[in-house]
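Take a look at this single chain, the form predicted on its own, given in structure tokens.
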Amino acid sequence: MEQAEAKAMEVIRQDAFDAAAFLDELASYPSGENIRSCMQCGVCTASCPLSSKMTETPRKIMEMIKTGMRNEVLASDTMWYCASCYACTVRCPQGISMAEVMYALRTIAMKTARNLSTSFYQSFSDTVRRYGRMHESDLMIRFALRTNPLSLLKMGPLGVRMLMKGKMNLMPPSAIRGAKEIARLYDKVAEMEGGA
């Protein structure tokens, strides 16, 4: 019995360490310093126009953050659904900028997690960075190569139908005004984040 209790205490200590480490990681991002003051009132979820679409609500994400569920938080789709409307931020009685927390979670996920959401977001971002706008063919190819290259075979018939109806182009868009400026913005953000 004592051995089981000792094992349980070790798990509790590890969970507490994980929670503190995750909170410290998020606290290093803008507006992350006051996450610890969340009192789980649920105003963020009640204010969010997209909470019904999320697997975990913003309130639940805050609970998961505070308990150190890093992998589960980063695997969640909640941060990707955030529309950055700041309704949660404006209404939070503790002054927590939940929208900024969602940005921080996206940034961490992009650096560490590999799932469909992060792969799609990275593919989308790379396409816009390259062309200054969306190019659907490029997006589909990038996403498939990041996740499952064989899925391109399954997407083939749909791609052909889209091409035939003029809904998709194989050729990238011609140079658009501002494309170079958009690429420079991406480079500046990467520089500010300390990566490429």
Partner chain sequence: MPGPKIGVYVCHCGSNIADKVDMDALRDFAGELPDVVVSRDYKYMCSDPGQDLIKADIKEYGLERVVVASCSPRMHEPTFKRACEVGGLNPYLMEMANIREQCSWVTVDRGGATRKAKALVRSAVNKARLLEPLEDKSVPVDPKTLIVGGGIAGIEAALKIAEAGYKVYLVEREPSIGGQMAKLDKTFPTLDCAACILTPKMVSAAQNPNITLLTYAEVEDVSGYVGNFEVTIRKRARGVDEKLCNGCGTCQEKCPIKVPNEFEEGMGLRKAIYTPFPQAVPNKPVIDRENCTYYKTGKCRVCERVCPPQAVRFDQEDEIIKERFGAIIVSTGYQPFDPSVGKQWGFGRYDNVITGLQFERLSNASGPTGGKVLLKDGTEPKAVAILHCVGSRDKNYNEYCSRICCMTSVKFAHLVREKTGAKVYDLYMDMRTFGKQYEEFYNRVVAERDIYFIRGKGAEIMEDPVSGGLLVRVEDTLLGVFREIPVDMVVLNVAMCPRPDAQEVAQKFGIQRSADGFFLEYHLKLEPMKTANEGVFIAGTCQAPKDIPDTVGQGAGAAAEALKVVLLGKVTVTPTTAEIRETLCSGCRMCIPLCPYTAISFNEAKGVAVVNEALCKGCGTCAASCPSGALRVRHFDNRQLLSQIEGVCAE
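Positions refer to the first chain, counted from 1. Source: prediction; values computed, not measured.
Below: the form predicted together with its partner chain, not depicted.
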| property | result |
| --- | --- |
| In the predicted complex, residue 71 touching its partner chain (heavy atom, 4.5 Å) | no |
| Partner proximity in the predicted complex: residue 141 to its partner chain, non-hydrogen atom cutoff 4.5 Å | no |
| Close approach of residue 47 to its partner chain in the predicted complex, 4.5 Å, heavy atom | yes |
| Close approach of residue 35 to its partner chain in the predicted complex, 4.5 Å, heavy atom | no |
| Heavy atom contacts to its partner chain in the predicted complex at 4.5 Å, residues of 68 to 97 in sequence order | 90, 91, 92, 93, 94 |
